[in-house]
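Shown here is one chain on its own, the form predicted on its own, set out as structure tokens.
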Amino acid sequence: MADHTTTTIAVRDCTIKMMRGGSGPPLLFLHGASGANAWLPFMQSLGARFDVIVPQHPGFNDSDTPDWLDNIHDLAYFYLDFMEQLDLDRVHLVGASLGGWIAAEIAVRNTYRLASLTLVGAAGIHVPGAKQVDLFLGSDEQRIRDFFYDPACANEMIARVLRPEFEDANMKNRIATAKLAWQPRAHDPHLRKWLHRIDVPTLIVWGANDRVFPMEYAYAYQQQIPSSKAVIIPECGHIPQVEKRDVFVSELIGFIDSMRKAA
């Protein structure tokens, strides 16, 4: 099993916390609005095949909140600088929810350091008419329940995350998310028209029962990103990497292995 370390790194005068573990090609995972305060089982599984790098975004968890952080584009440029500073090459970029939005914004700007892109229940675009819950309007507990298809998974996450020692970090994450995604709600009106610029193999992973961004969003992304592949996981909500870890890991590894065979 892959051990990991937790360190800090300063990029653009912003100090962030970063978890890193495993060995192999670099895999950069960008977390969602709930942050990244633990080395989760799916990261451990991926560490058997990849050098898994999980930074905490500027403004989230234990990372600094820099004066320059105004919008999602700032995070996209930050991570381009981050990859350059760490001299990462042929990176498998994986982003979930808010992190998927950041990943898409990175890829439309510059794929020079990327080997592949994976979007998991990604925010970032708007699909008119799609019925979805608004995570800004419910309680913390209801928000977590809306993430999952399986109530047992929701109960486990509630017990792990909604603890007194995490109250400050949870509030910090909510404030940062509101700053980035309050209006327009969780999307960039200009992103969709530039998705055709993504020129690396792209995997789109979605839960069939995602209530936050329903699977219509997966197909909307697939239609706009050239030669992308969409995988819909049944009986799964907004966090496939947690709720259906084994399926998620298998699909991601299979996708990357198929790239190598085709090369």
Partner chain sequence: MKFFNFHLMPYRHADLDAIDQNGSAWVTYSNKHYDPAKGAELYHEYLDQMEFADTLGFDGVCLNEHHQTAYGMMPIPGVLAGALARSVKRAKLAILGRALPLLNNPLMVAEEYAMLDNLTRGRFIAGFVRGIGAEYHAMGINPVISQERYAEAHDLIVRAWTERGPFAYEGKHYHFNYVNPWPRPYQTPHPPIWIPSQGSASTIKWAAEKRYTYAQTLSPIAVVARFFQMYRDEAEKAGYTPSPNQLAWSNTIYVAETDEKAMREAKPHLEALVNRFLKMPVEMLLPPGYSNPESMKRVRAAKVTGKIMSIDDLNKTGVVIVGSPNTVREKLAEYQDLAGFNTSLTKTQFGTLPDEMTRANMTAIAEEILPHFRNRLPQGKREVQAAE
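Bear in mind that the values here come from a model prediction, so they are computed numbers and not experimental data. Positions refer to the first chain, counted from 1.
We do not show the form predicted in complex with its partner chain, though everything after this point is about it.
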Contact test in the model of the complex: R145 vs its partner chain, heavy atoms, 4.5 Å: no
Distance check, Y77 to its partner chain in the model of the complex, heavy atom within 4.5 Å: no
is_contact(W182, its partner chain) in the model of the complex, heavy atom dist at most 4.5 Å: yes
Its partner chain contact in the model of the complex: L137, any heavy atom under 4.5 Å: yes
Stretch in contact, per heavy atom within 4.5 angstroms of its partner chain in the model of the complex, of 163 to 171, 80 to 88, 97 to 105, 186 to 194: 163 to 171
Contact test, all of A48, D246 and V249, partner its partner chain in the model of the complex, heavy atom 4.5 Å: no
Among the candidates D199, D70, D62, E235, the residue which, in the model of the complex, approaches its partner chain to within 4.5 Å (heavy atoms): D70
